[in-house]
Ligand SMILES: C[S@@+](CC[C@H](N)C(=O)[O-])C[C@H]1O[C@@H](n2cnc3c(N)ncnc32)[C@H](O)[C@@H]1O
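Just one chain follows, in the form predicted on its own, and it is written as structure tokens.
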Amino acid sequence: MTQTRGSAIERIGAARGDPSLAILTGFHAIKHAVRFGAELRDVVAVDPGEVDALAAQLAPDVADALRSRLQRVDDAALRELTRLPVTGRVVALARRPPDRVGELAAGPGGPDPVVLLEEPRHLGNVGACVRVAAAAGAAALATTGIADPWHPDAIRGAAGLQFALPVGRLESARQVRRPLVAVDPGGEPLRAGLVPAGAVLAFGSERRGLSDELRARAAVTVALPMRPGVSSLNLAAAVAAVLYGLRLSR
């Protein structure tokens, strides 16, 4: 462990504009990233001993990888860098894996579904969707629109699980060549056998839902059965319900 405020902080700050790098804030995001093969470049912490103890207690499988990279930084520098309260007061810089989302959306793929978020608005919701997609064994998660699933806020919301499955952006749903399934309140109630294996499951934005164009392109439209009077679910809750419903039906 070294005592420094210089180059590591500068590299992490500059990485906000670099699409090949990811900024990981908080211990759990770093833990998951390392666990799923992330290549760490820098790790800075206010108290490296605190981070080392957390790793020993909660994630001994990644402790050595963190310990070898940890550098000490003062609290003011870390807060200026992240602009967020940081769990465990630790931030890391990692190289992103190659973007395979376009290839997976266009190819035949395997039996697991791909999640497509059409123009989501909130980075925290995008991160939460990545987290549940990783947990439920989705093949990939893609977004359209301006919300970057690799933005530091989305990585924080996903607890670093962007490294557990292919994650990226598509220019539009026209890139999808797998069976396209729209998740929309006007669809048929979700049931076993309704969704083809390896489908792309499309979820609309938090405010507007799915576009007319995407609904028109969908081979199947499904809905989550809900109690009368309940009009919608949070985006991540809807993704979770559909993915686990499909998983249990298999």
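Throughout, we count residues from 1 along the sequence that is shown. Everything quoted here is computed from the prediction, not taken from an experiment.
Missing here is the form predicted in complex with the ligand; even so, the following discussion is about that form.
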Given that the ligand is left out here, which of 214, 44, 222, 51 has a heavy atom within 4.5 Å of it in the predicted bound form?
222
The ligand contact in the predicted bound form: residue 191, any heavy atom under 4.5 Å:
no
Would residue 226 sit within 4.5 Å of the ligand in the predicted bound form, counting heavy atoms only?
yes
Spell out, yes or no, whether the shortest heavy atom distance between residue 235 and the ligand in the predicted bound form is within 4.5 Å.
yes
4.5 Å heavy atom contact, residue 185 to the ligand in the predicted bound form
yes
Given a 4.5 Å cut-off on heavy atoms, tell me which of 141-149, 176-184, 70-78, 98-106 is the interface stretch with the ligand in the predicted bound form.
176-184
Across 106-144, which residues bring a heavy atom to within 4.5 Å of the ligand in the predicted bound form?
none
